[in-house]
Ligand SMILES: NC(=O)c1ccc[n+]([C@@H]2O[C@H](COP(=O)([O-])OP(=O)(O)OC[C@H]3O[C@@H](n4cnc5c(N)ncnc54)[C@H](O)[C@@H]3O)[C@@H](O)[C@H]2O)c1
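A single chain, nothing else alongside it, follows as structure tokens in the form predicted alone.
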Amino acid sequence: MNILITGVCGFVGFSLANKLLKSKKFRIYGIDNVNSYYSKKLKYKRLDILKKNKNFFFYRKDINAYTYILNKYKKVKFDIIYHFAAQAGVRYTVIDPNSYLHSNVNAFKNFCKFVKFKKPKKFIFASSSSVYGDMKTYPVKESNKLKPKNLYAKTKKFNEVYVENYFKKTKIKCIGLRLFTIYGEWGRPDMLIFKFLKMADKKFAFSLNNNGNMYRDFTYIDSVIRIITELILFESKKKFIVFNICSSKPIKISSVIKKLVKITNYKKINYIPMNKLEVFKTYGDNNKIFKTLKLNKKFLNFDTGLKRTFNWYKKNKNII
């Protein structure tokens, strides 16, 4: 089976490719432009691991380059295309808003042209929990009205709407993944856990928003990969469907900070006001995906996941 994964040097893309390559029945084709949004060393280290497998084929290119990508893979028939390439982050929208329009809108539309031409059985793409915005009731369900409150979230909502309409007259089954706060080994350095660990190492003060009075639905990377690999064999009756990918167990950020302080013995924290771009709580209902795939709800205990993440960081902090 031939599977294409964009953003293959990113956290989720790499973790998925690495998992699938353990089975000889998959040939994984990866695309990534290896940009400098966060550590290139980390991205190249992930890539080095994937390249050790003879069933992995890599192409360094921006997904906006429709013609180049089409020519590169004109003779390859893809069964499934996973799309994770995107400009991530909420706060960065203020620094470089054009990067979101380039990657998450224009490049996304161009890549959808490629997908339509290649006609895979399934197109599985990353959306985000941020599309919900701030809600009055939790947990949020896929049927909730979306209220994105920042540019990143708005581009992810656009992706969902665009895919539903663009592929409507094709036979391609499209699945959107509303990913919640994913953490674990090989994770993103711009996310809370690794940011704290890095500040602790450098003896810099960690800036904490709103006294940590927010909640995030932390979901361990292995659980995420377990779910999305099951989608390979999933036969959907619907042409377009979205799923929350989450543990459905939100944790208060101040509680996470206390755990990090305990394992690092580092307490230098600056308390700053709430960032208006961010939501107060992410807390998703995951019943739809588990009932659909008939999976057991097994999630790693957060304390165990945090310890594993910390141990990985200690061995690999030179590439973060």
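In case it trips you up, residue 1 is the first one in the sequence shown, and so on. Source: prediction; values computed, not measured.
The next section is about a form of this same protein that is not shown, the form predicted in complex with this ligand.
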So if I measure heavy atom distances to this ligand in the model of the complex, which of the stretches 246 to 254, 113 to 121, 78 to 86, 200 to 208 falls within 4.5 Å?
78 to 86
Can you pick the one in Lys51, Lys61, Lys281, Lys267 that has a heavy atom within 4.5 Å of this ligand in the model of the complex?
Lys61
By the heavy atom within 4.5 Å rule, which residue out of Ile225, Ile193, Val242, Ala107 makes contact with this ligand in the model of the complex?
Ala107
Decide whether Ala17 counts as a contact residue for this ligand in the model of the complex under a heavy atom distance cut-off of 4.5 Å.
no
Is there a heavy atom of Phe57 no more than 4.5 Å from a heavy atom of this ligand in the model of the complex?
no
Distance check, Gly13 to this ligand in the model of the complex, heavy atom within 4.5 Å
yes
Closest heavy atom of Thr93 to this ligand in the model of the complex, within 4.5 Å or not?
no
Listed by sequence position, which residues of 99 to 135 have a non-hydrogen atom within 4.5 angstroms of this ligand in the model of the complex?
His102, Ser103, Ala107, Ala126, Ser127, Ser128
